[in-house]
Every structure is written in C-alpha cells, then in structure tokens.
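Just the one chain here, the form predicted on its own, laid out as structure tokens.
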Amino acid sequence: MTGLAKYRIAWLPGDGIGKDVMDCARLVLDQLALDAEYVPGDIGWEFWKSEGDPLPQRTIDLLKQTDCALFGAITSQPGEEAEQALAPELRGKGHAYFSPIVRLRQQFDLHTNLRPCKAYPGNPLNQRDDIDIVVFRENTEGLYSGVEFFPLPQEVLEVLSAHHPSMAKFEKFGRENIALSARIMTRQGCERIVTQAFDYARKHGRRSVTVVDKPNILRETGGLMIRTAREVAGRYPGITLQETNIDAQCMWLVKNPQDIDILVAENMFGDILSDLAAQLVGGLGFACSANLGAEYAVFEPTHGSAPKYAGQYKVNPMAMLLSARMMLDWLGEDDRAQRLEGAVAEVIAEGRVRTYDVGGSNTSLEVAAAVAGKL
C-alpha cells in the first residue's frame, strides 16, 4: 500500500492472541479489496515491561494521523504484579500501569462503546436464534474513570468524613487499609450515551431503549442517569423508554433475551451487560465492539489476550471479523460491511468450518479463509 490509499488504519495487534485474530482480519479485508494503508502501532504488555508504558506517546501520535484503529487484545495485571513484570532497571521508578485501551478511550474521547449481540442461525451456542440486542456502554466515565486511591489520602478521608457520617465505620480500620474507587458521572456524559442509543433506535427501526442502573442504591449517580434518560426520551416520540435495575436486567437477559432491544448503561454496568449478552449468542468468540468518538474510532473484539493460545491460531476469529465489519460500516463502506456480515453468517450457518469453542477443530486462519471464500 502507498500513502495514496483512501484510508489510513492504525493496526494494533496488542498482546497474546491479538496478532492471531488480526491476521485473520487482514486476510478478509484484503479479499474485500479495501483501499487502505495499515499502519502498525506499539501497544500492550511488552511495552509496559520494556518501557514502563503500554501506550507509548509515539503510538498516540500515530493514531492522530489515521482515520481509525483496529485493535486486537490487551493483557492487564494488578499493580503489584505489573510492577514485578517491569524490567529490573524500571522498577521503583514511579511507573504506574494504566490500561492502554482505557487511555485510548479517554485520550480520544471515545465516549460510546457499541456492542451488538446478535444470534446467527446455525451457531450451536446460541440460547435462541432470535436474539438481537445492542448494548450502548458509556466509555469514559462511571466506575472505570480511573480515579482510585490506595491507601486513602488523609485529605480525602477528612473530606469524606465531613460530608458522609457513614465513613466513621471505615476510619477505625486506618486509612492505610482503605481503597477507594470513585464512580464519576456527568449530566453531559449521561445525555450523550442515551442520545446515541435513541439515535440508533430511530435509524434502525428499533422499538425501545432500556436504561439500566441502580438508582435505588446509587441514588446520586444512578439517579442522574435515569433523570437524564427521561429528558432525552422526550425528544424521541414513538420509541419506548424502559428503566431497569442492573441485577434484575441480568436476570431478564437470561430469561427473555428475545424481548430486549437496546440497552444503555454507564461504564461498568454496560461492561457486565455486554458480556452476558454475548454469552447468549455464542460467547466472547462472537463479541465485537466499537469505541466511537466524534472524530475517531477504535474497533476491537471484547475477548482477552489468552496468552496460552498466542501464536496457535486456535481461538475463534469471528469477534474480530465482526469488529472489522463495524469498522467498514463506520467508514461508510456499507456494501463491504454487508458482504462481510453475510459471509460470516453463511459460514456459521453451514457449520463445516469451526474453531474448538463451537465444537470444531479448525484454526482461526481456516475460519477466516472460509469467510474470505464467501466474498
């Protein structure tokens, strides 16, 4: 490819099986003859270990020169384990591990995480063949906003104790034994994600949007989400707003998934809902996602890096291929996007080429080749 290609796409394999599934995506994208230059970027655990930064500044600079990014998988570990994984000369130098995908979402304001969970007929892992759920997850706020403390600073403890009498029961343990994660939500963030969900419903002829939170317990943050959703819903006559608690919604997802249309939630609840919904239609091997902002987007399967399978081309590449389909759709390549989804659906329906998780014995590349063959 030359610099004259129509699109410049950042190519971010990441860790573990990230390279395996990205190789599968490239095979299919090449078969589609997408006019794109794929620009490799450094991201992941290996760069944390060797540089103390899993998302080097050079990668951020690279992304700013591309139209969007396709991302494979990431490995993350807790603080102490991350410190021990550093090269010896980097330990004790103040490096703090922070998820690079979370940083990408915040750096580029990728506020909307879109996760379709659709049952493709012929998949033996489907709970039902009529499931077609779309999850909208707020991507930059909530409990994943990254504002955490351990141990709890004295000034933070004093402020909390002055405003919340219930903090007294924790003070007796000593602030050195208290960890705190903040659930931060803004009216603007809530309005933006709910509006995205309603816009999608209007565009695609969906009948309802269900906002999911826990306002009876999380009164301020959950209450803000529900109140804002009601305000937004008033601008969309003909589309029903439903309100549910996260625990009850998980139960109903298992009980009556065919009755659910669009779900919208803050960061952590959206994460939980989308993984549960994914399992209803075959598991994380079929779970694609898009991180969308006003001017940039990152597309990724939602499975992990599965280091034990790295380089074996064993895992299901369908989540990656469907993420590539979402990328094509975002780029305005509607015909290619529809052709790719149709090819994926056809391979699943035939059931002749499958990876181990679906009861088959084919490699990731063989599945990708079967999809490419349908194109």
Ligand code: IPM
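In this text, residue numbers run from 1 along the sequence as written. Bear in mind the structure is a predicted one, so any value in this text is a computation, not a measurement.
From this point on, the text means the form predicted in complex with this ligand, which you will not see here.
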Within a 4.5 Å heavy atom cut-off, is residue 299 in contact with this ligand in the model of the complex? no
Contact between residue 216 and this ligand in the model of the complex at 4.5 Å, heavy atoms? no
Is there a non-hydrogen atom of residue 115 within 4.5 angstroms of a non-hydrogen atom of this ligand in the model of the complex? yes
Is the gap between residue 108 and this ligand in the model of the complex 4.5 Å or less for some heavy atom pair? no
Choose from 242-250, 98-106, 126-134, 199-207 the stretch whose residues reach within 4.5 Å of this ligand in the model of the complex, heavy atoms counted. 98-106
Going by heavy atom distances of 4.5 angstroms or less, which of 83, 191, 271, 261 would be at the interface with this ligand in the model of the complex? 271
In the model of the complex, residues of 139-158 near this ligand [heavy atom within 4.5 Å]: 144
